[in-house]
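Read the single chain below, which is given as structure tokens and is the form predicted on its own.
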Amino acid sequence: MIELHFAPTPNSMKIVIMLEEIGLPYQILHYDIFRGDQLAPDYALIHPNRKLPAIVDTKPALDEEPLPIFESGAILQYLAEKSGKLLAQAGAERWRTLSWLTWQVASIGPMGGQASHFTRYAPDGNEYAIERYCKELKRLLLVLDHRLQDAPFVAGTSYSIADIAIWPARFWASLMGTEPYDLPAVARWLESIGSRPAVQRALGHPDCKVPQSYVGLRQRLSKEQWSNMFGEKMHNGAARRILP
């Protein structure tokens, strides 16, 4: 059994898609990040950075104790290794997959996150930041389109954890006013992955519904929500050290 510590965000949805693809049993444990559920002291033992998602493998292959794994890229690689699916064991395809997985966690993921933050949550008057991150996000989508002009999937001929990691970029693209369907290769790829039965099951999962507070432009957070997400409570939570 995989325990998935989950908030209805693109990063968490990657893991739901992966679990549906590989067929491992899992349980979703919900966190309301605006309410500050991720700042609960015990959660630091699962994810020291107090972000979502994280998993706990209650039956790891080599250890008797439940094993927590955090950061979506590491979780995808762990589940691929555990199941023997969606990551080649050796050779060029494996390294292409890991290269594009790293590109997601180092490039389009952070840029999309910053573009989302300044467009949706930051106070007015951040025109430079909005332009900076939105332009970089558009550039990265063009990089993706160029790659997909040469191959059906980002790592080559086979669907992989790299595709699962990058596919939620569609949410950021639409949010930023960059329609990915203006990029022909990206559009083809989005539709191909979106039609997969496992992806459809993940998107339709009753525990994965997205509340209105997680979508839309120019969200206005309460002081409590801001503190939990970006302010004092979030920073104070990181300052507390929880010993196992």
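A residue's number is simply how far along the shown sequence it sits, counting from 1. None of the values given here were measured: they were computed from a predicted structure.
What comes next is about the form predicted together with a small molecule, which is not displayed.
- Using a 4.5 angstroms limit between non-hydrogen atoms, Glu93 is distant from the small molecule in the predicted bound form.
- The small molecule in the predicted bound form is not approached by Asp145, whose heavy atoms all lie more than 4.5 angstroms from it.
- Although the partner is absent here, Leu24 is not a contact residue: none of its heavy atoms lies within 4.5 angstroms of the small molecule in the predicted bound form.
- Taking the partner from elsewhere, Arg196 is found to have every heavy atom lying beyond 4.5 Å of the small molecule in the predicted bound form.
- By the 4.5 Å heavy atom rule, the three marked residues Met111, Arg132 and Gln219 all fail to count as contacting the small molecule in the predicted bound form.
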